[in-house]
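Take a look at this one chain, the form predicted on its own, written out in structure tokens.
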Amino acid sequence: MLLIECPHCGPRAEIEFRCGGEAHIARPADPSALDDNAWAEFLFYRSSPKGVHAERWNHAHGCQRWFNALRDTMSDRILATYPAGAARPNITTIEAAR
């Protein structure tokens, strides 16, 4: 079982969490000005990189707060977690600390 470090509660079992998709997606300033294609692009199209990816997570069976995680999509290893609204950590700093 994977342990995920909630930035608010500490390490917990993965079954307590729900993934909410890609992190750091800016909402359109004026959604009503978007045509159907642009709105679909915002809602449905996300990057799916091979390697480190920033995702939103919810501690659904704990504090119920949202936070962000840097996850390596090749190994499924979570490299760092940080509160929602915080800046994305520098991956080279994280790897150097390991």
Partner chain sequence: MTTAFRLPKGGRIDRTKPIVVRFNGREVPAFQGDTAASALLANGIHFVGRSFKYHRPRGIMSHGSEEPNALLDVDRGGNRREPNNRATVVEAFDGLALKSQNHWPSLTFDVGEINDRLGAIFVAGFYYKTFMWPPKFWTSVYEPIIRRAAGLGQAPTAPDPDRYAQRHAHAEVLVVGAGPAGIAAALVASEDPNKRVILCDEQAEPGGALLHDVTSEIDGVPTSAWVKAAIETLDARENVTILPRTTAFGYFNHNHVALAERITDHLRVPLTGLPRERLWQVRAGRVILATGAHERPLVFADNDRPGIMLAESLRCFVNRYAVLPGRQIVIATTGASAYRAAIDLKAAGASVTVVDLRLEGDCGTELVAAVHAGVEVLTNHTVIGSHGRQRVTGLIVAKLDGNGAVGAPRVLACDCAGMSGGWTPAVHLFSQSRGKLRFDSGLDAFVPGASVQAETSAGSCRGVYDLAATIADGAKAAGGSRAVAASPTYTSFQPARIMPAPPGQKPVKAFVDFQNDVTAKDIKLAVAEGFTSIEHVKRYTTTGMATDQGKTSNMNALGLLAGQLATEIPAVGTTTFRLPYTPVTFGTFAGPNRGDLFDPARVTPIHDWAVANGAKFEDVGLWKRAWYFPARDETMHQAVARETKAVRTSAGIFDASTLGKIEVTGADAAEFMNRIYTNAWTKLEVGRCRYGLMLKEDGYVFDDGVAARLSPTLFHVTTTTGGAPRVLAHMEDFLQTEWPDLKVFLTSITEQWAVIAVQGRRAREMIAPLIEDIALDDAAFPHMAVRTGHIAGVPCRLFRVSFTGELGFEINVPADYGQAVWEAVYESGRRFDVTPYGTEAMHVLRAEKGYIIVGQETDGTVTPDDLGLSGLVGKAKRDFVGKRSLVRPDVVATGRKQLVGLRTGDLSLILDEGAQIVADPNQTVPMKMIGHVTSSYMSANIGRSIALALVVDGRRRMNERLHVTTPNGFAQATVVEPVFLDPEGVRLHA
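Just so we're on the same page, rigid core means the largest C-alpha set that superposes within 1.5 Å between forms. Positions refer to the first chain, counted from 1. Everything quoted here is computed from the prediction, not taken from an experiment.
The protein also exists as the form predicted together with the partner chain; that form is not presented, and the subsequent description refers to it.
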query	finding
4.5 angstroms heavy atom contact with the partner chain in the predicted bound form for I91	no
A13 within 4.5 Å of the partner chain in the predicted bound form, heavy atoms	yes
Residue contact check: A86 to the partner chain in the predicted bound form, 4.5 Å heavy atom	no
Partner proximity in the predicted bound form: I78 to the partner chain, non-hydrogen atom cutoff 4.5 Å	yes
Partner contacts in the predicted bound form for 11-39 (non-hydrogen atom within 4.5 angstroms of the partner chain)	A13, R18, I25, A26, R27, A29, D30, P31, S32, L34, D35, D36, W39
Shift of Q64 between the shown form and the other one at or above 2 Å (CA, core fit)	no
Core-superposed comparison between the shown form and the other one, S47 Cα displacement 2 Å or beyond	no
